[in-house]
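In the form predicted alone, a lone chain appears below as structure tokens.
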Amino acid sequence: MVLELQKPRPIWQIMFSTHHTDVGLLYLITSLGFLFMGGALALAIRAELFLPGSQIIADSMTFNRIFTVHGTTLIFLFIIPFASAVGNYFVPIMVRYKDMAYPKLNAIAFWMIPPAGALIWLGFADFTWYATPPYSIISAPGPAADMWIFGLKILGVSSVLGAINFVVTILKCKHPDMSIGQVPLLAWSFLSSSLIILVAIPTFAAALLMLLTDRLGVTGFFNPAMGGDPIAYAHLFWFTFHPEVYVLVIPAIGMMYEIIPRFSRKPIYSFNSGIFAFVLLSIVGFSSWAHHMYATGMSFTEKTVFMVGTLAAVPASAMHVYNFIATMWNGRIKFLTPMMWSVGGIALFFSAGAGGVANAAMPLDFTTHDTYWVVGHFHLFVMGTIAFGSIGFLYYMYPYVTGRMYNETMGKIHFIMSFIGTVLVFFTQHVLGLYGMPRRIFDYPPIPEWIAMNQIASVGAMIIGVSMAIFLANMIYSAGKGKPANTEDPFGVGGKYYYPFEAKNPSH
């Protein structure tokens, strides 16, 4: 089986390897470590908000630092590296090439992540993952803010290097007998998201550089006292980070495309529409950044253009959902853990998308702007869709990586608890936003409805926390004591999926 690791090897041999499965393993372990670190901060936030007044966090500054690092960690140090782990493992195999196009560059891109993560965690900045000026250039204390900026710069370079590698591997290194239309949808998802990165990330890199020179007092791009415009930063930020949302979600959708046909025991309903939807999302992702900025004084015409641009993503997203449902229809579905996570992810993707459509409408946006509605919508998208797709795929690839099966019962308990917890937390936050509770606040007045909904959300978060402890125990125990897996068909759904390109030595 091509995906399995060699016999146990010294850890240094894996750490300094440039083989794509070894680099993928490093990405995987690192991203999971940051998942638990960022998740622990989320639990601290929800514990603090369980009741009005200070509970476990001493002051608002500490609270701001915690949720800044929480957001930065889970977006940049969990979701993106996890996708890179999956891409490193599967893309070369799917395009039938011996490795990534540039193996050494691949390893360098990974090794930029630990120092960047260290800068972010040691700094513990307080200006949210937006780093919005003028606070971030005038008042945010250093060196925390500067360390965050340097950390994000390093992560940006790492993402660009990784994207270049994926694009070249898929377009230039695929087997000569394989046309681009035959490349599997998972690989297409990495091609699409990599092209978005190459277009979007340089803009944010420039914005960060301008932010840093503003902080040093050399320039005043975003400093109103020096004639700068903070809104310009918001445009640059969202030009990168609205498409970046698709960078996060497209690989997760690609992972579902790998799981759902397998466990439905049917081919994908419409392969070409999946490709088309990926390409369409990559393009329209750049037409909607300003819908985050309706309240900044844009003209009605400009707002209407961006509202329409935002809604243009709906048909492409719906195409994926339709494909998944049509594939499952009349399929001989085997509801094992990876399939349960994927189906749950589709349901939550639909819910988050419906909220996004409502949010794109100007009247509702003005009502819910900077309330917990936005928190609920964004987190339902990130946790409910991206994390569900990613965790489901982790269960899927587990026997291929370890050669052992995880505990199926614990996997299902993990899913059920996570699904219930996610609904409790993020659906409740939507309602909380409609009741007018602002986001990013350390304390809130003792309004009975606010207290009740915050408590429901906090209980939901604790349920997710317990489920993640079960997940961790399952992963660690099963890696050593799990039942040996039949790596040619570990889930008993028939077929042999991954064929070796050639005998490989994972250490090179």
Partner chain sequence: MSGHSNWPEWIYVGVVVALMCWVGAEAWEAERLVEHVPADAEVIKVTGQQWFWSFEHEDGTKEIGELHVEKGKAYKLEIHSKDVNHSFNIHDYVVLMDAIPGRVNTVWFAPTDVGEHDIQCREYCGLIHYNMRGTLIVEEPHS
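Predicted, not measured: the structure shown is a model, and the values here were computed from it. Numbering follows the first chain given and starts at 1.
A second form of this protein, the form predicted together with the partner chain, is not displayed here; the remarks below concern that form.
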| query | finding |
| --- | --- |
| Proximity of P134 to the partner chain in the model of the complex, heavy atoms at 4.5 Å | yes |
| Distance check, G433 to the partner chain in the model of the complex, heavy atom within 4.5 Å | yes |
| The partner chain contact at N64 in the model of the complex, heavy atom, 4.5 Å | yes |
| Close approach of I441 to the partner chain in the model of the complex, 4.5 Å, heavy atom | yes |
| Contact assignment for the partner chain in the model of the complex, among P315, P115, G217, G142, heavy atom within 4.5 Å | P315 |
| Contact assignment for the partner chain in the model of the complex, among S287, N407, S351, S270, heavy atom within 4.5 Å | S270 |
| Which of 146-154, 394-402, 203-211, 368-376 sits within 4.5 Å of the partner chain in the model of the complex, heavy atom basis | 368-376 |
| Triple contact flag K303, L311 and M319 to the partner chain in the model of the complex, non-hydrogen atom at 4.5 angstroms | yes |
